[in-house]
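Let us start with two forms of the same protein chain, each given on its own as structure tokens and named structure 1 and structure 2.
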Structure 1
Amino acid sequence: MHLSRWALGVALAGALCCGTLAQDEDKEVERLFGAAIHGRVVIRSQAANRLVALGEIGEARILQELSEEGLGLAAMGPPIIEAIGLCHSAQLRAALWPALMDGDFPWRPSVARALAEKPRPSETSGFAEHLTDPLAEVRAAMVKGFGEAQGGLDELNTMLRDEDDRVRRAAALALLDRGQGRALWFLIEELKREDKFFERPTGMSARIMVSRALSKRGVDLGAYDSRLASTIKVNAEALQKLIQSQEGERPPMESWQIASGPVLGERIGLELRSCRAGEFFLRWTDTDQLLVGQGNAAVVTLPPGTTQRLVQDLTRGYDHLEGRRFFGAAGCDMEQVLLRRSPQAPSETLVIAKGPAFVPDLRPAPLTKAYGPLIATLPDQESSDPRLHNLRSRAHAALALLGGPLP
């Protein structure tokens, strides 16, 4: 009798313990899910990754939100979307490809990165379809996925000519992983970069990313230090040794594939990032040059005095805003304007941002007025340089989606 009571007590205690553990597990799932969506920006990705690391119970919580009564993929946001790339659920992965193919889906770069995290050989054609996507972030992820899914070498070699450095890096690394040593020449150019976009050290960022990627692949960079200029003695010697170790001659390269140094005299910068219409990096210099792109930018010579006039127009636009420098809310669409009022002054940054929905009159009228003369300087004809091809029309389209159309 006593044994039966003891056994019953053990069983009840076990049931209570399991119930408590289940409740604790459910609470942890909800905590991580909430933190991934509504937590501080710096912890959202970590929370999302910890959620999917719980396995089926974490994946089931995300899947629940894809039902008709749920939040939907877009509302869950980039951290959870990118974490789906680590999931085993075929249902979750199946939700990513339609989102990528939807030109109006707000977080397409995040979807692309999720798909490229663990690419399937059966998806090679899907990756190939988006190698010409208007968004460079999407193209870069698709190149990575395409390469790992054993896509064709011809397509990867074509992507080495992409106008965006992120895409070219992804293509060169994918080719290197496939035993194509010739691709290392293009990464050596990245290790030599010294360019900046105003105060942003774009060249150093490229050097750091490439040196880490090559070291991970066992490429001997010697004493090369990506945080230091490529021209200092230790780096120059390391690069020369790497070049001498290459078989065959350096392949011919387009201007935008070649490393460049910093640009002097930047006065106005306009960075446009549209989750649907692409990305644009534009600068106007004291020497009346329009620079298009990052890295070794395309150069358009403008009539004398153009930049000074544009600086004056934009300065008046800034002054009418009474010190306000941010409009809208953080999202996948962004206009960033940089202005140096004098050649030696630091740049003043103004940002307009929003999500995928159109926001009427988001861009303040004084800025819209100042944009007109800026965009009028952009070339608008066919060009063999992909950065300049119908540039004005493309920039107009992006601006209309971002802060509203120009008059």
Structure 2
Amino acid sequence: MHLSRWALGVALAGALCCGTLAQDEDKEVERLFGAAIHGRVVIRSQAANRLVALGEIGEARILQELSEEGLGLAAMGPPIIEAIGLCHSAQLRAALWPALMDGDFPWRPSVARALAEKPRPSETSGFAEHLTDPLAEVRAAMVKGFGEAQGGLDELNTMLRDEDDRVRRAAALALLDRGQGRALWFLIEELKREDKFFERPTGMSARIMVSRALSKRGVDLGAYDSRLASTIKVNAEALQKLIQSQEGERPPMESWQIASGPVLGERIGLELRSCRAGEFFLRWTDTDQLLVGQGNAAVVTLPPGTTQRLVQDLTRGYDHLEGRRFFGAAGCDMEQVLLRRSPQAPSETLVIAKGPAFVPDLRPAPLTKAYGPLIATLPDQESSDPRLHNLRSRAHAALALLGGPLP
């Protein structure tokens, strides 16, 4: 009798304890889920990662929001979307592919990164399908996923010719990870970059990223320091050693795969970043050249006097804005304009930004007016150079999705 009472007591205490534990766990799930969506931006990805690290209970909480009554994938936002890439749930993963295929889904780069986090060999065709995606961030993630899922080496080699340096780097690293030492030649070019986009040291950023990625893979870079110019003695020697360690000849490369230095005489810069239409990096120089892309940019020669006229138009546009240099609100869609009023002047930056939703009349009229002659200088023919192919039409489409259509 005593024994059964004791057993009953233990069972009750156990049940209460389990109930309390379950309640605590539920509370923690809700806390993390809420923080991942509504918390300070800086904690969202930490909260999302901790939520999925709880295992089934955390994954189930996300899955609940994918039902008809739930928030849906887009509303949960990038931190949760990227954390899904760490999940075991096949149902959660299955929700990512349709989002990637939907050109209007607002967080496609996050979806792509999630899919590439733990790629499955059965998904190589899915990754391959998006190797030509309009968004470079998506292509870079797809290359990583495709490589890790043991996709074909030929396709990866093709991606070494991509117009975007992030995609080329992803392809070279994927090939290196698959034992293709020849890919190192393309990364050596990245380690030699000295280019800038106006004052922004784009070449140095590339050097830093590549040297970190190679060091992580155990490639001996000797005393190479990515923060210092690639031409200084210590870096030049380290690069020379790396080149000597390579077997065979340096493969032939397209101009945009080869390192370059800074450009002189940049007067106008237009950087367009659309989460739907991709990115454009355009510059107009004192010597009437249009430069397209970052790094070793494509060069289009313009009629004499073009840049001077464009600078005058844009200066008038700036002056009509009464000193305002920011329009819109924080978001991933962005137009950034850089203007040097005189050859020696520092650039004056103007930014128009927004989230994924269309905002009518976002770009101020004086600026839209100044854009017209700028965009008219872009070539619009078919081209074997991916940066120049139908450039004007593509830039027009991106502008329409960003600050609004041009007349």
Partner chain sequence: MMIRLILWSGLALGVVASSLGVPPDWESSIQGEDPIEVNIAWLTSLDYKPGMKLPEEILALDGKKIQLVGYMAIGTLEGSESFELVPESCECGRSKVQHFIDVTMTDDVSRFTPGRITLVGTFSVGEVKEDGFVTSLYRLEIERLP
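Note that the rigid core is defined as the largest set of C-alphas that superpose within 1.5 Å between two forms. Residue numbering: structure 1 sequence, from 1. All values derive from a computational prediction rather than experimental measurement.
- Note: the form predicted on its own is the first of the two, structure 1.
- Fitting the two forms on the rigid core leaves the C-alpha of Leu71 displaced by at least 2 angstroms between the two structures.
- Annotation: Cα of Arg31 displaced by at least 2 Å between the two structures, core superposition.
- Superposition on the rigid core between the two structures places the CA atom of Leu54 2 Å or more away from its counterpart.
- Core-aligned Cα shift between the two structures at Arg40: this is 4.1 Å.
- At Ile80, the distance the Cα travels between the two structures is 2.9 Å after the core is superposed.
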